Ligand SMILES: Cc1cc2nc3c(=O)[nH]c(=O)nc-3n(C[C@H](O)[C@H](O)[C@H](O)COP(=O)(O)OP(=O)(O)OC[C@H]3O[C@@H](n4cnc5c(N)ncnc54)[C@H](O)[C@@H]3O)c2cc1C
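Coming up is one lone chain in structure tokens, specifically the form predicted on its own.
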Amino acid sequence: MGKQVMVVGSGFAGLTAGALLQKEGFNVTLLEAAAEWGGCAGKFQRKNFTFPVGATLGMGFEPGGLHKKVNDYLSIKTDVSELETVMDVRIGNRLFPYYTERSRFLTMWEKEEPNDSLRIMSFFEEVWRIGQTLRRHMLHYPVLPPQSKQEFSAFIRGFSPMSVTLLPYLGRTLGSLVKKHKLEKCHAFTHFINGVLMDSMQTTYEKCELMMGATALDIYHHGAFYVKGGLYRVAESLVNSLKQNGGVVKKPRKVESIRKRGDKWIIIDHRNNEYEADHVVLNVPIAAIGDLLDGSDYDKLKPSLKNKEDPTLQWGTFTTYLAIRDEMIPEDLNLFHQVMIDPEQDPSGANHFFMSLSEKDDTFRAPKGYRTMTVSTHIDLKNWQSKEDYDEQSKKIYTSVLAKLEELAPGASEALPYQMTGGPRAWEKFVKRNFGGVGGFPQIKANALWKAIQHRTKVDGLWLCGDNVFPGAGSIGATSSGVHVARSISGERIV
């Protein structure tokens, strides 16, 4: 009989770890506290509409991409379509298409910013060299710092002569590269990269760790995808893989306590059901760990992990969910928009919106003749503590979202079949994120690479994964951490 593994939480990381381990012959039980699978990549339904909770744009589905490799290993098929234009980035009344093809992308900058175009081209060419070199490592799911034979092997497999060229970039921010190319005063350029980095790295170029920032600015050029229905369908496929291979999945099952009894872990859920396991995989926010573990086991955790338990170290998000009549949407409107907000023109406090529109006739999200849109913006959780602040800021942001929708699709905001908003309290209630913190820690130097939280703990048989854990946020980062856990538990090079 294979060893028992308990996975707590069904985000991409927990589902990946669970599905891989079950395929390898372990006996996996996965418990999810919420009513839906997928965590921040889950869904909810209202009337005839299905809304992705948060994550919308897909990466890593290209040949050799991280999601593609996991899906192939588990015989999962994902219905995706590749995008020629990742998104339209709107800065004031200017439009900057984010093309996946590098030459077309650079030509766009040559047209839009002719005076700075040579410096912009030089900047991106250097960033892409860094990103390409890092990608050779990422494809092998490296762990920093490597601690096992398998982890050293994964790190070395990604090594090439170009790897040594990364040494001068260690300990630097992406801001140093912007200054090197004398681009700090190019307003459109800095707003453009800040929009990308806020969504993927949770910080701006001035503070973003250089190599993580380069990865974020390189990854779209390897492929960006519209996922039919949304990323929740990938999560549900992972659930199905786990079940088909003999695993057990249960929801809603909120875990109340985890403690050691002899050489076994005892897990108790909110219905007082007791489970026994050899390994426990926590796919939960770091802020939640102290409430789950027995005091003696909690005391053994690394101080560096405990120092990041404050949920307000993360951003929150305010999301608007809309159903729109298809006839109101211009034919040439891109599915994805990054809208940069000028604080002098918009008092809502939002610095940007990411707008995600469902594809025409994607009936997984809306009945024929309708589309759904999610619009999200980062918020500082410290500013949403009182009811008065919460209500006031919710109203301001929602008003700003409708105004921007009216610009993109005139008349659409006047006759919405459905509309709903979700702030940090909604994320805490429905997705079980403490205080509504989402998206992982900002990838500044203090949180990135070897300073990130590792999947290993000092407690035997206790593992961490998710967007709070190395390598960081996003479906690719979370999936990578799930692979790290599966490899460490099995001792095998899975995937």
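Every value quoted in this text rests on a predicted model; they were computed, and no experiment measured them. Just count from 1 along the sequence shown to find any residue number.
Only in words, not in the display: the form predicted in complex with the named molecule, which the text now covers.
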Exercise. Is Arg259 a contact residue for the named molecule in the predicted bound form, using a 4.5 Å heavy atom cut-off?
Worked result: no
For this session: Could you confirm whether Lys43 comes within 4.5 Å of the named molecule in the predicted bound form, counting heavy atoms only?
Result: no
Exercise. Does at least one non-hydrogen atom of Leu66 fall within 4.5 angstroms of the named molecule in the predicted bound form?
Worked result: no
For this session: Classify Val459 as contacting or not contacting the named molecule in the predicted bound form by the rule of any non-hydrogen atom within 4.5 angstroms, answering yes or no.
Result: no
Exercise. So, Ser241, Gly247 and Val280: all three within 4.5 Å of the named molecule in the predicted bound form by heavy atoms, or not?
Worked result: no
Problem set entry | Residue among Gln338, Thr319, Thr203, Thr215 with a heavy atom within 4.5 Å of the named molecule in the predicted bound form | Thr319
Exercise. Using a 4.5 Å cut on heavy atoms, which of Ile444, Ala426, Leu449, Ala33 is close to the named molecule in the predicted bound form?
Worked result: Ala33
For this session: Specify the contacting stretch among 134-142, 401-409, 157-165, 282-290, defined as having any heavy atom within 4.5 Å of the named molecule in the predicted bound form.
Result: 282-290
Problem set entry | Residues of 373-412 having any heavy atom within 4.5 Å of the named molecule in the predicted bound form, listed in sequence order | Ser376
